[in-house]
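A single chain comes next, written as structure tokens; it is the form predicted alone.
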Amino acid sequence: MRKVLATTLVGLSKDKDFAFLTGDLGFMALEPLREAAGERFINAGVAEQNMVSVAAGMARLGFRPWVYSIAPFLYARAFEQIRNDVCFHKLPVFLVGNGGGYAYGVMGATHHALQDYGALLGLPNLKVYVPAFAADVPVAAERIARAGGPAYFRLGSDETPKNFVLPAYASWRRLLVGGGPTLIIVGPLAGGILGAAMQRPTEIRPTLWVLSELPVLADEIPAALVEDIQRSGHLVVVEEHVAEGGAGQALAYALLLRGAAPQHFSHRHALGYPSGFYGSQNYHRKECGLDPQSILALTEKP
């Protein structure tokens, strides 16, 4: 996804208020953007707190800076600067965290982003974007730029099933209709689950939705989704993030406010490291029951 974002930002770099800061990362992906942006492409070095504060200062001067790093290095290391310098002042600083969830695999917990959007959504004025597919990135990036407030853009790897035609990007999208439970997924792991669900007979496969923007607000939940939940009686939320502060908790709360709580509710989320070992992203997903087979098995139960 980061290469798609780099290409998108090359186009946005034509605007005079564009700036891009990286924490000494992006090799073999950001070079075209560096060439296009020129002196407005800044390698801030391994100094993420300073990088965010500099971006906030640039925003005060009229720039609209994008700030890039590996997700935990950005949201966790610079949390105070994001809160004090960016969010409290509602500045147009766009944070790009690469490698959401377990994406960095065997590099371990220091490189995993399992609490990122939950932590950041506690801050004022900030919106989170979690594209599920590479094709979502250009549209989401333009939305971020157009909204002009603090934003966190969580990137991962594209897992779009072959020959699947994606509907146009939206914060809520229904990708698959079935007679089983209602399944809502956040992030790129939607691709593998979608591909597996497509192989199931229509009458038993889940109705699958993707959620790409947070926070979840009760009055913005689509009426069609509420109808799907009422029809199926079983809502399953899946995300590569811990339960605390995650989309599952937020959605359950929003549905209660809406008076549309499901009869059955299941939440599959990151569990940390149950075995105490590190492995690939797929290893951690399977260990947490986030792999397609585990999710589809869950949807077969009330």
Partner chain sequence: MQTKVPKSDPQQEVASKELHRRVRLRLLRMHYESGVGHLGGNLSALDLLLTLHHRVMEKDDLFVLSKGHAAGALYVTLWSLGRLSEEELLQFHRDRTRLAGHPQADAIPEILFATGSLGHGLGLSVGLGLGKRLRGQPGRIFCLMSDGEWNEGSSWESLIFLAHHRLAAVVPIIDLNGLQGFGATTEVADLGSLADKLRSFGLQVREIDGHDPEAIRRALQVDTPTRPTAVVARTIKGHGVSFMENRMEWHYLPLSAEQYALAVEEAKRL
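Positions refer to the first chain, counted from 1. What you see is a predicted model; the values in this text were computed from it and never measured.
Not on display, but discussed next: the form predicted together with its partner chain.
*Asks:* I need to confirm a contact call. Of 54, 255, 36, 70, which residue comes within 4.5 Å of its partner chain in the predicted bound form, counting heavy atoms only?
*Replies:* Exactly one residue meets the criterion: 54.
*Asks:* Have a look at 91, 145, 121, 221 for me and say which one sits with a heavy atom within 4.5 Å of its partner chain in the predicted bound form.
*Replies:* Here the answer is residue option 91.
*Asks:* At 4.5 Å between heavy atoms, is residue 239 in contact with its partner chain in the predicted bound form?
*Replies:* Result no; residue 239 lies far from its partner chain in the predicted bound form.
*Asks:* Is residue 276 close enough to its partner chain in the predicted bound form to count, meaning some heavy atom within 4.5 Å?
*Replies:* Taking the distances in the predicted bound form, the answer for residue 276 is no, it never comes within 4.5 Å of its partner chain.
*Asks:* Taking its partner chain as it sits in the predicted bound form, is residue 84 near enough to touch it, meaning that at least one heavy atom pair lies within 4.5 angstroms?
*Replies:* Yes, contact at 4.5 Å.
*Asks:* Do residue 28 and its partner chain share at least one heavy atom pair within 4.5 Å in the predicted bound form?
*Replies:* Residue 28: no contact with its partner chain in the predicted bound form.
*Asks:* With the partner removed from view, which of 61-69, 258-266, 231-239, 28-36 is the stretch that lies within 4.5 Å of its partner chain in the predicted bound form, judged by heavy atom distances?
*Replies:* Heavy-atom contact with the partner occurs in 61-69.
*Asks:* Pull the contact list for 36-53: residues with a heavy atom within 4.5 Å of its partner chain in the predicted bound form, in sequence order.
*Replies:* Sequence-ordered list: 39, 40, 42, 44, 47, 48, 49, 50, 53.
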